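Before any questions on how it binds or moves, here is one chain, the form predicted on its own, in structure tokens.
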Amino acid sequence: MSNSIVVELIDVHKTYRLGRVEIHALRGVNLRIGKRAFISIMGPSGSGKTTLLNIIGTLDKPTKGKVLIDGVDITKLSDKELTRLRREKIGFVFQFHNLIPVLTALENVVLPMIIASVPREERLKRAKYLLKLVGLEDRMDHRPSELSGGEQQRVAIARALANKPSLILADEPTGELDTENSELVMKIFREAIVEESATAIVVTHNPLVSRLTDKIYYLRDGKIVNEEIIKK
């Protein structure tokens, strides 16, 4: 595999069992995403978007097929190896921020670096740099309840970048925001990704959000049915 490919899926299937019923969430997905790509995956509810993101993020395993991240087949890794890969290579941004309410913005961004055993001075410097990168240098000491929804999502983006991952996965990152804040958050997200030389995959059902990425993959009934390069 070319070392310019960050994520590669080869004939990925995912089947869930509910009693005697089989639900085919993914039906043979093939996908290659290069370094520094900023792409979105769009599709109606139930099309398999979140399942696909969870499999790329090692939170779920495919029933069949291969998933490679930076050339490593993650379907062959142990739970311990997967935990390490998640910590070192993948950052997550969720719809509901998932910030810890009792911690300040700065402390929320520092937390992943504590888990990764980054020295104290280094992690504080990095957290401050990232909060400045997302335009929150004057809000570092605020707790989530003192921040707007858009500001909370910007903290979540900074936190996702904390351990310098090569891949950021965002599941409906603007789902709780109005149009103006959605555009602002996506613009800041893009700038942060470019600055950090990361690859980003955004799952969304919002066409306005998907058109702020460089390429859209359309998912329907567990298959990629189309792709579109966005002309800037």
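Bear in mind that the values here come from a model prediction, so they are computed numbers and not experimental data. The first residue of the sequence shown is number 1, and the count goes up from there.
FYI, the form predicted in complex with a small molecule isn't displayed, but the following is about it.
In the predicted bound form, the small molecule sits within 4.5 Å of a heavy atom belonging to residue 45. Residue 163 falls outside the set of residues with a heavy atom inside 4.5 Å of the small molecule in the predicted bound form. Although the partner is absent here, residue 25 sits close enough that one of its heavy atoms falls within 4.5 Å of the small molecule in the predicted bound form. The small molecule in the predicted bound form is not approached by residue 182, whose heavy atoms all lie more than 4.5 angstroms from it. Of the residues given (206, 58, 50, 199), 50 alone sits with a heavy atom within 4.5 Å of the small molecule in the predicted bound form. Exactly one of the stretches 37-45, 66-74, 189-197, 174-182 approaches the small molecule in the predicted bound form with heavy atoms within 4.5 Å, and it is 37-45.
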